[in-house]
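This document starts with one chain, in the form predicted on its own, laid out as structure tokens.
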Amino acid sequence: MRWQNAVRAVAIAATLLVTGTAAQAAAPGATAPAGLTPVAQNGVLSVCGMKLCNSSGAPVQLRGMSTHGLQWYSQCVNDESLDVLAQDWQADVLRISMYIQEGGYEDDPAKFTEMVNNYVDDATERGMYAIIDWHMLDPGDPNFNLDRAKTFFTEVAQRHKDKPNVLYEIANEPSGVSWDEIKGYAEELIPVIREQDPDSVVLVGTRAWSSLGVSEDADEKEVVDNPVNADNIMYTFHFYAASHGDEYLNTLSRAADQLPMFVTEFGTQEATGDGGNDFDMAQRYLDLMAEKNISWTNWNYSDDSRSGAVFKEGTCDAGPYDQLKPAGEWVRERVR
């Protein structure tokens, strides 16, 4: 794999030349000079112990936003809004949420694959990390879409294997299915990605809507006792602060001491993505994630009518992208 690593090193060097020097980016814990992008500062990420680490081996915490479903809100992900996310919000990462059913990939694989590829390129141009989110939701068994996932991830991993900034999230929110079945899915799909891209971080969804099993009366022990047999992976956790209180928070805290965790989706409101905001509970989660270097992306970067969408309704029709709901104002300050 040395030649692939060499190619990726060239890609990183090119990014650094645009925004800063390699020496500046290599210094662990150094304050990023003005204009230095997250990718230029940190390079290729990997899992070291329980943490996500940069190319120098220092723990990092990525903070950013998730798109809404591309089949509904792709108009909210454009050059202007991405410039705002990268420059004004100073986001490290964009999660690209491609639904499989619900009018997504299943209906037109070529169209949605190209959309994802284009958004990865857009994030790359702005020096942000990109999470390719296989947003399976209903049905909740990821094995239902295993063949589709193999096709999709082969294509996108082949396309982006030489980029320094891509992470693969292979199962958004498994539900109604055992951890053993989720684990089996991951162990069949991860080698498909590794054949194309041997080095990037893979994010594995956990049971019960990525709650580490809590929403189906389990907890992190089933993963701790029976982890996925693969390297350079992290496990995902999702929470909505107005619905998920201390039991969920404490589970995440315990899990982060035994498993590499990444919160790829959260909201300050109810689990529906709507309703009132519980900013106090959300801040407790953010404090924990800062303490334990748990990276996160917030749901969601759109103008959907629900309270969890950061923009006021109608914003994506013409902009500008400073028309924020209360949750948008709150999370923007915390991304920054």
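All residue numbers refer to positions in the sequence shown, first residue = 1. Not measured: the values here are computed from a predicted model.
The same protein also exists as the form predicted in complex with a small molecule; that form is not shown, yet it is the one meant from here on.
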Q: Spell out, yes or no, whether the shortest heavy atom distance between Asp303 and the small molecule in the predicted bound form is within 4.5 Å.
A: no
Q. Is there any non-hydrogen atom of His160 lying within 4.5 Å of the small molecule in the predicted bound form?
A. no
Q. Counting only non-hydrogen atoms and a 4.5 angstroms cut-off, does Leu137 reach the small molecule in the predicted bound form?
A. yes
Q) Is the gap between Asp92 and the small molecule in the predicted bound form 4.5 Å or less for some heavy atom pair? A) no
Q | Tyr240, Phe153, Tyr235, Tyr119 - the one with a heavy atom within 4.5 Å of the small molecule in the predicted bound form | A | Tyr240
(Q) Please tell me which of Ser211, Ser200, Ser81, Asn172 lies within 4.5 Å of the small molecule in the predicted bound form, judged by heavy atoms. (A) Asn172
Q.
Partner absent here, but in the predicted bound form, which of 215-223, 192-200, 96-104, 254-262 has residues with a heavy atom within 4.5 Å of the small molecule?
A. 96-104
